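Shown below, as structure tokens, is a lone chain in the form predicted alone; questions about how it binds or moves come after it.
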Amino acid sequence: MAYISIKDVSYEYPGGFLAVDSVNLELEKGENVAIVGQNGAGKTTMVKMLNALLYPTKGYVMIGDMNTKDHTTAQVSRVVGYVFQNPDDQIFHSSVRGEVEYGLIKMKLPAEQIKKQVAFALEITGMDIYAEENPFNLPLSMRKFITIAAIVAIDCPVMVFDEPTAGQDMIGNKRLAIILEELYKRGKTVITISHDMEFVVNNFSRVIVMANKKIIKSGAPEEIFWDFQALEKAMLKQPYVSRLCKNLDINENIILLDQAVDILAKTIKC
């Protein structure tokens, strides 16, 4: 049985707007997956049902043996940590350290354990040098890392990142990649929504495509980004390396720069 199971799930907002329509998805423990699709595809609504920020109108969400419908948001959030797209929806403390340690204090963990987990979260996110700073003195891109640190510190088995690359530069994206790699090594199940296709192909082994409130495809990046029918339906573009190879009539499933360089080098030698 899959660790996370979304079974026949739909969600209708008050007023009758259907945001997710009969979605089915299974994820294994320790998977590191990206969810892609245009705005309005249903991505954020779907992942909010993973930690009971929303409850399905129809169907159910299982995390291990826990049906989210049978638990409060506070209970589910101990298992599934959620990083909002807008960090200002999540930050309320007057210092970075206070923000990151708040959840652990509420969980009444031992002081030494809190200290250790906060130190790790601050270091891996690069927020250790800003630990005593007021979060709102820092730019938006850094405030995103504060909210990521707060979830990493809690050490949930499942973590959901909603558009962490938005507003980030190359340095920020490299930092995110380091965080994802470390969480993967620690056996965490990480689900990331992103519009950055270059970031997706470089950091995820599985990609889930959503369009029109449904999941239309799931697979390896090499498969997803050369499926032109799925990309068109989801209104997505190939990564720039794939587009270059396509324009050069290199019809192999190239998604990474190193792959393109190897193919071009072989072509030139021929």
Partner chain sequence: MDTAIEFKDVTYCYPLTKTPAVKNLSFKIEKGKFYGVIGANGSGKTTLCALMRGFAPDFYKGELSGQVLVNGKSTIDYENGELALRIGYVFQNPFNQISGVKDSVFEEIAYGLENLGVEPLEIEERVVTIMEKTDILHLAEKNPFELSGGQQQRVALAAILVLGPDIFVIDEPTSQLDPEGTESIFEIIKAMKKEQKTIILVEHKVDLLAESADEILVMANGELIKKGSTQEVLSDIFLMEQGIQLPQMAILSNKLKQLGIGLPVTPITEAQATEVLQKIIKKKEGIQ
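Positions refer to the first chain, counted from 1. As the structure is a prediction and not an experimental result, all values here were calculated from the model.
What comes next is about the form predicted in complex with the partner chain, which does not appear here.
Checklist entry - Does Asp88 reach the partner chain in the predicted bound form if we count a contact as any heavy atom within 4.5 Å? => result Within the cut-off, so yes.
Item to check | Heavy atom of Ser141 within 4.5 Å of the partner chain in the predicted bound form | outcome: Residue-level check for Ser141: yes, a contact with the partner chain.
Item to check | the partner chain contact in the predicted bound form: Ile215, any heavy atom under 4.5 Å | outcome: No, Ile215 sits far enough from the partner chain in the predicted bound form that none of its heavy atoms falls within 4.5 Å.
Item to check | Proximity of Met197 to the partner chain in the predicted bound form, heavy atoms at 4.5 Å | outcome: Yes, Met197 is a contact residue.
Next on the checklist: Within 4.5 angstroms, counting heavy atoms, which one of the listed stretches 51-59, 204-212, 35-43, 65-73 is next to the partner chain in the predicted bound form?
Outcome noted: After filtering at 4.5 Å, what remains is 35-43.
Next on the checklist: Quick one: Met235, Leu244 and Leu248 and the partner chain in the predicted bound form, is every residue within 4.5 Å by at least one heavy atom?
Outcome noted: Yes, all three are in contact.
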